[in-house]
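Have a look below at one chain only, the form predicted alone, in structure tokens format.
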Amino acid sequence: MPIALAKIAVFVLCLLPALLLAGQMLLGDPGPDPVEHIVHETGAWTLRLLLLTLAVTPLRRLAGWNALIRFRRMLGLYAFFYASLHFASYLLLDLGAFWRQLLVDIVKRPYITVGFSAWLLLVPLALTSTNAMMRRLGRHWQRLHRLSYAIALLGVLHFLWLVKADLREPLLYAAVFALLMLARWRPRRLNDRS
């Protein structure tokens, strides 16, 4: 499949969860707590896309799929899109746009603190993801975008601290994150003495 068609397919696949969620809310059965469903789904897709974005480099190294690099920016921007939907749905639907309560939650609830911190750290990554910003920032661009590791860790912590009973889903994301970090680690060779 040509890259242009593959990019269109990935674009549509990444947008599909949002469209399905909107369809559920407008046409289908949103469940007993629609707000909780929206907040959970947008948060879950944020984490999935963050981890998928982090998986690009290890997959390139291990499988030799160099074409994957062309999709990393799109995956990262979709992670920001879902994170913004997650934040907006929490603020607007759950809190009723009550900003003061948001500030109280950020200060008093650790899982809100780390979740909000992750979203804040995603903002500069989204703003600097254009080719022009890559050229303007030069080597600093890569340093800035290494924040994605911390963002994913904060996202996993946010989910772990949020869940009260069934930890299977957040622990699965934690395990995937740990595996991705291990896959990025390259031990020094014995003959490298630098």
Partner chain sequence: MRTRLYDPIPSCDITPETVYRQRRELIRGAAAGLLVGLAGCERPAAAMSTAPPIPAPKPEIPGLQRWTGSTTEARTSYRDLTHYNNFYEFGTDKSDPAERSGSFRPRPWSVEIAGAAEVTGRFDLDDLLKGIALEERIYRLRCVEAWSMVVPWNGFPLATLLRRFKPTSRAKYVAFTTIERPQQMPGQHWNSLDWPYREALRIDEAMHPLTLLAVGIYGRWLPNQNGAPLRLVVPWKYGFKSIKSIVRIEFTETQPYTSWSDMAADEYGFYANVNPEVDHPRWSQASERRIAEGASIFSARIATLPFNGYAEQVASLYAGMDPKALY
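Because the structure is a prediction, the values reported are computed rather than measured. Residue numbers count along the first chain shown, from 1. In this text, the rigid core denotes the largest set of C-alpha atoms whose superposition between the two forms falls within 1.5 Å.
The following text describes the form predicted together with the partner chain, which does not appear among the structures shown.
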Have a look at L52, L144, L59, V163 for me and say which one sits with a heavy atom within 4.5 Å of the partner chain in the predicted complex.
-> V163
Check each of V35, L153, A44, L137 and return the one that places a heavy atom within 4.5 angstroms of the partner chain in the predicted complex.
-> V35
Classify C14 as contacting or not contacting the partner chain in the predicted complex by the rule of any non-hydrogen atom within 4.5 angstroms, answering yes or no.
-> no
Using heavy atoms and a 4.5 Å limit, would one call L92 a contact residue for the partner chain in the predicted complex?
-> yes
L179, heavy atom within 4.5 angstroms of the partner chain in the predicted complex = no
The partner chain contact in the predicted complex: A22, any heavy atom under 4.5 Å | yes
Stretch from 125-133, 44-52, 26-34, 62-70 whose residues place a heavy atom within 4.5 Å of the partner chain in the predicted complex | 26-34
Site check A18, K108 and R168: each within 4.5 Å of the partner chain in the predicted complex by heavy atom | yes
Taking the rigid core as the superposition reference, indicate whether the CA of L120 shifts 2 angstroms or more between this form and the one not shown.
-> no
Rigid core superposition, L92 Cα moves 2 angstroms or more between this form and the one not shown = no
